[in-house]
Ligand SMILES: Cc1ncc(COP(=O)(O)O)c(C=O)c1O
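A lone chain, given as structure tokens: the form predicted on its own.
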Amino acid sequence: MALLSHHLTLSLRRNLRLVASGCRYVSQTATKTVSEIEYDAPSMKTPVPGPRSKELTRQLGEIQNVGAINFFCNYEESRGNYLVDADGNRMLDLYTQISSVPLGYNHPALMKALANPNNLSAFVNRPALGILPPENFPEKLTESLLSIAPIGMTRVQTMVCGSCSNENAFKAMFIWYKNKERGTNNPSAEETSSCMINQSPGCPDLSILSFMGAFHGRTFGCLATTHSKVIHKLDIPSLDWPIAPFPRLKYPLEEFVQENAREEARCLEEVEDLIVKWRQKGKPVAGIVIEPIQAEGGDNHASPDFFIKLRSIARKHGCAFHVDEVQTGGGATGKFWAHEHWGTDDPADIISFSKKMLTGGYYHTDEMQPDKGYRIFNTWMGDPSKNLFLSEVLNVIRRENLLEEVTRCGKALLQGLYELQSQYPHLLSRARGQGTFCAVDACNDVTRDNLLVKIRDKGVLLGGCGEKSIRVRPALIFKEYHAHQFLNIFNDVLSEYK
């Protein structure tokens, strides 16, 4: 144990020396000097992917499918907001592993947690949490996940990833609905026998209402509620569940208040019609699932009024209301949870999370508590070591007031996108965002994809979403000078675009 602790301490010291060497740059637009964990700017040596990444892709291609791989990374040399690839290219990362890195790369607070000998057991021993949790698990949940629990919720179920979080949240809604319907949590003999052969009444024909453009995961149940890209769904059998239209708003929102209100009213009316229609089909809607901002589906926003009215519709029709904060949770919108922008003290029955939270799971009301052990269960049910990291992330967020920084930097970022779309209206439109959770549309998907490649070769990593959107997903340590660095490089790419 002492030898392992010594090795981790040496590793931490090495990383701290490496990150300190990159501290050279102070932006004219910054209110603070650059953090000690940062490099000063992108540095590109080859096109991306470079020769080393191409060779590694070839090697991996002999083992598994590599069709989605962009390039290989050198995570040891990556720092803060900058990702280094296998060819030594250093990029300003505004995609952050599909919006899942809260504090950038190799943050000293997380390296320190890893070097703490008191934490070693959590990394070495991974328990089956549902049956044999560690003795400090209640304490660690209290100081991590429960310390940022959504309003009105004191219960949390841990899981590993976003898909399994949503998958089990769906199960919890179905269990709740059936217990409510039968008036007891004791199923009949017919129910217990028929469920074993996938027949009703034990396997009831219930449904979950989702929205066009939604993304809730790629596992089988989640895929039935995912409607963002063909590649996710093609050739996979699915469930006959209702799909409502998500509002297609005009931007900037403040200039189209009446038009957007009419669009939201149309979608809410369709939700109610679908609930009635599916009840008449014999497939009652047990729950409604929705994202506060549709991310993978194209960064689609709706007003607080829309979500509050949707919550009321769910309550009126006896449906559970599930808010999927896997992409939006963790602070990127300027509040820890995107639903906090709605300003309601009763946002949902279930709120799922993952990505920036480093672990997965869902918060829920008392009514959504499963009635028996093993009903919501798998081997791992999360990972205690991720709760240790999350505690450190939360300490940094509070100590450095990162949510306030996200709000401030997000305004500069969005203003810059507004200016670029005004300067290049033939290329960009519909800039939108909340905090640093921002996006802008290209004129078409081909142009979007070309822009992403061109800006990557100049040292900025971005992502696409929806049909033709460019999404910006920086870490919480993103500063205003990073925004201007990105905007200047983006402007160079747009000015050269043919």
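Residue numbers run from 1 along the displayed sequence. Not measured: the values here are computed from a predicted model.
Below, we turn to the form predicted in complex with this ligand, even though it does not appear here.
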property: Clash check, this ligand transplanted in the model of the complex by site C-alpha superposition, 2.4 Å backbone/C-beta; result: open
property: 4.5 Å heavy atom contact, residue 394 and this ligand in the model of the complex; result: no
property: Touches this ligand in the model of the complex: residue 356 (any heavy atom, 4.5 Å); result: no
property: Contact of residue 211 with this ligand in the model of the complex (heavy atom, 4.5 Å); result: no
property: Contact flag, residue 96 vs this ligand in the model of the complex, heavy atom cut 4.5 Å; result: no
property: Partner-proximal stretch of 163-171, 364-372, 307-315, 196-204 relative to this ligand in the model of the complex, 4.5 angstroms, heavy atom; result: 163-171
property: Contacting member of 342, 105, 246, 215, with respect to this ligand in the model of the complex [4.5 Å, heavy atom]; result: 215
property: Interface residue in the model of the complex among 288, 332, 326, 348, criterion: non-hydrogen atom within 4.5 angstroms of this ligand; result: 326
